[in-house]
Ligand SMILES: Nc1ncnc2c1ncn2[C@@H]1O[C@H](COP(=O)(O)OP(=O)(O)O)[C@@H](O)[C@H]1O
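Only one chain is shown below, in structure tokens, and it's the form predicted on its own.
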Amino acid sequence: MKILLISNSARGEAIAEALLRSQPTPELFVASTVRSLGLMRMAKEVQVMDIDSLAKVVQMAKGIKPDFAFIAPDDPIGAGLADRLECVGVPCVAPKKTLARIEASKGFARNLMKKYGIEGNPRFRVFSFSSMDAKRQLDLDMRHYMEYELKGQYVVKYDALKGGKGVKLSGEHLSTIDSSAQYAMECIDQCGTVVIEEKLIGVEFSLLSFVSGTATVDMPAVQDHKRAHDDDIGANTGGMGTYSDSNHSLPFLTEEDLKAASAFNCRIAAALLEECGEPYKGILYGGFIATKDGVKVIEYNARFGDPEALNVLPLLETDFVSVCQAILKGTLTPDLVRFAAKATVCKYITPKSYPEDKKEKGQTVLVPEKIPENVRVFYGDVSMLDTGTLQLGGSRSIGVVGIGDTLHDAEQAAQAFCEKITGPVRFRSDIGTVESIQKRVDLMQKLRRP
């Protein structure tokens, strides 16, 4: 069996490693943005290319004639790569462009939930303008909505793909109504619309599901850490690290919280089928927040999260190729999916100046050759030179995942290995620690207190 994988990060390596555990072992062909050490070791062929050039990926697929393709990143999914590949006879584990709007347009996602009566939306409005004459009135309307209707507690969302960095919160990234209105107008100038919504108070988490039409099968719940530095301070990033618990829930969640998130994913899949007229086939990633009023929806993504994929895929005990085939054939059932009862903690190694700058790009990073049995290492924006040297890019470099019977064991394994990686790099040491997790447990207990 031949599989084409489209990758741009450590997430692609986690997907590749899971695919290659299947029996019989498939042949893996990869279109990648970097000459990844892990992918070079695992794949029969790696072509380094601009994966946003859909024609180049399609040309590669025509030459390989894979049994199916797995599209990992958001940009080619949002641009319609699945449509293009299916036109040349290559089925894709990724949604088509019309379905991928669940991630590519925050406004589409909010309005879909509203139209189909799916609870979990905060208060929101989608703003746009059709003429320059309307711009001043639009500015006044947005200011009034933020200041008076949302009482200064709001979120401004770029209504298109922006690598997880298009969302700004009042009191954190936006300090005044003036700066907020300016950012909202910049969003409209760039992509035509902006979503302004109520800022929710609680603890965020992710629940990803395998989806085929209306069939959804959940993965272990994961918590991401977006902020650049310890104690959740600094700029937003693509994700500095994540953790999952051995019971596949999270310490601050109730059983009802997890059931609510699962139900949201199921209802979204059904709504997409009704709205778009064709089945969603791929990974549906729900970003949620547990609040005093129950679970609310932060956003939806149309692919594996990064780092979330690095947590859940190493725990997958069943045949990943079989799961992918069931997604494509419409035969997905819960018995095809089983995850080990283990905890995981992922800590991302990044250049020291990330995400504000790329001062370390091109410099060398050294990773120990011997990797413990309870650690997985996935390479992201790091290129392997012909000499075997690892060269930093400008973004997240290496995902280090510790696996253990408890969160403490997993965190200690990840921390110990991260400390052995040398170069002009850093990582968040607080991810998955007892102290960090307890803060989230305490916050939820406080919010839920009568």
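Counting begins at 1, following the sequence as shown. Since the structure is predicted, the reported quantities are computational estimates derived from the model, not experimental observations.
Separately, the form predicted in complex with the named molecule exists; it is not shown, and the next lines address it.
Site annotation in the predicted bound form: the residue of K199, H248, R267, R101 reaching within 4.5 Å of the named molecule with a heavy atom is K199. Between the options K347, K281, R376, K157, the residue in contact with the named molecule in the predicted bound form by a heavy atom within 4.5 angstroms is K157. Screening 267-275, 185-193, 76-84, 200-208 for residues having heavy atoms within 4.5 Å of the named molecule in the predicted bound form returns a single hit, 200-208. Contact check for P122: a heavy atom falls within 4.5 Å of the named molecule in the predicted bound form. Though the partner is left out of this view, K96 does not reach within 4.5 Å of the named molecule in the predicted bound form, counting heavy atoms only. Residue contact with the named molecule in the predicted bound form: V126 places no heavy atom within 4.5 Å of it. In the predicted bound form, at least one heavy atom of E299 sits within 4.5 Å of the named molecule.
Looking at 83-121, the one residue that comes within 4.5 Å of the named molecule in the predicted bound form, counting any heavy atom, is K106.
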